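One chain comes next, on its own, written as structure tokens: the form predicted alone.
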Amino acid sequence: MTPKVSLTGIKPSGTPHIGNYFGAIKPALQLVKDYEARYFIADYHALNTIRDAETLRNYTYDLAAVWLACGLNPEKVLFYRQSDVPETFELTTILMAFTSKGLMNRAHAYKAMVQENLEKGNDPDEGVNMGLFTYPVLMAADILLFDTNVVPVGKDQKQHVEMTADIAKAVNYTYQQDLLVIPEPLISEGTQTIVGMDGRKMSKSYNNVIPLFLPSKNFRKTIMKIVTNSQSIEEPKDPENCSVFALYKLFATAEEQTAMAERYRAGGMGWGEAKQALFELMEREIAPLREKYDDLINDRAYLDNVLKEGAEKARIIATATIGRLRKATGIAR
């Protein structure tokens, strides 16, 4: 039985952090167990917010190195850069003809910007470019081009996959053929919120992140800055109400979690000792990945080759999809 296809898009928008590692990277890499997993770097999507060429170029290489260091195997899964597959943009043009403006008006990102403008007394479309407005169509092309069955997304991104399904159904209905696979969102209910330095969700917007591949010394310094309360060394502490322990659990075995929780409740352990234990545990998992990352990020020729080979494989699939549509629409004789 042929496995279903999953597709994960990754936007190059900055250096990944621990929250990305547990919330996105590790779960996405687990998809290979149940799906024919495909991954791509969505560099054209990044153009809506990143306008410096060197920054975008560096972010793209960084993202490729991070995912490869974390275990993505380009020999076993499809891994490519969006901009290397021109069929994506031909499909976007085709899909535009089947996408109503009303559907785009309902997109969360566009609605949020309009609402923000109205609250400020600005023109509703102040700062809105067509890249933002038609973002869901380019995303639909990314998905539909590769016969995708499921797209792993958070609940807040579910709408994009539903819009993609609506557009695909419109194309299939118009030509009375199953030209495009109808995708479904794959939402992991078990995905947990990763706490940051201050106890809130780890996020760049809060400036409370722990970058994934900081050098070891800087990594430790960052962990030592995690916000804790003013309890003394002697006082018992509540492991279930502590950012240090919340992060510790992500890296620890069940036995290690139980032992550390007992130390918290017994008293006699200061926050410095707890943070040092967290650092050592995190370093156990991250250090080998950091070493791989450091090698990869300094070998752009290798990264270029990986992405080039991925694009060649991707275009075989993409060309077949475009061929079906060209014939069905009458563009091709």
Ligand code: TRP
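Predicted model, so just to flag it, every value in this text is computed and none were measured. The first residue of the sequence shown is number 1, and the count goes up from there.
The form predicted together with the ligand is left out here; the points below concern that form.
Colleague: For a quick test of understanding: in the predicted bound form, does each of Ala28, Leu68 and Lys76 have a heavy atom within 4.5 Å of the ligand?
Modeller: Judged in the predicted bound form, none of Ala28, Leu68 and Lys76 sits within 4.5 Å of the ligand.
Colleague: Quick one: of Ala274, Ile286, Ala42, Ala64, which gets a non-hydrogen atom within 4.5 angstroms of the ligand in the predicted bound form?
Modeller: Among Ala274, Ile286, Ala42, Ala64, a heavy atom within 4.5 Å of the ligand in the predicted bound form occurs only for Ala42.
Colleague: Could you work out which of Met139, Leu180, Ala252, Ile210 is the residue within 4.5 angstroms of the ligand in the predicted bound form, going by heavy atoms?
Modeller: Of the listed residues, the single hit is Met139.
Colleague: Which of 124-132, 150-158, 109-117, 228-236 has heavy atoms within 4.5 Å of the ligand in the predicted bound form?
Modeller: Careful reading of the contacts points to 150-158.
Colleague: Is Lys313 close enough to touch the ligand in the predicted bound form, meaning at least one heavy atom pair within 4.5 Å?
Modeller: Heavy-atom contact with the ligand at 4.5 Å: absent for Lys313.
Colleague: Contact between Leu145 and the ligand in the predicted bound form at 4.5 Å, heavy atoms?
Modeller: Answer no; every heavy atom of Leu145 is more than 4.5 Å from the ligand in the predicted bound form.
Colleague: Do Val5 and the ligand come within 4.5 Å of each other in the predicted bound form, heavy atoms counted?
Modeller: Heavy-atom contact with the ligand at 4.5 Å: absent for Val5.
Colleague: So in the predicted bound form, does Lys11 come within 4.5 Å of the ligand, heavy atom to heavy atom?
Modeller: It does: once the ligand is placed as it appears in the predicted bound form, Lys11 has a heavy atom within 4.5 Å of it.
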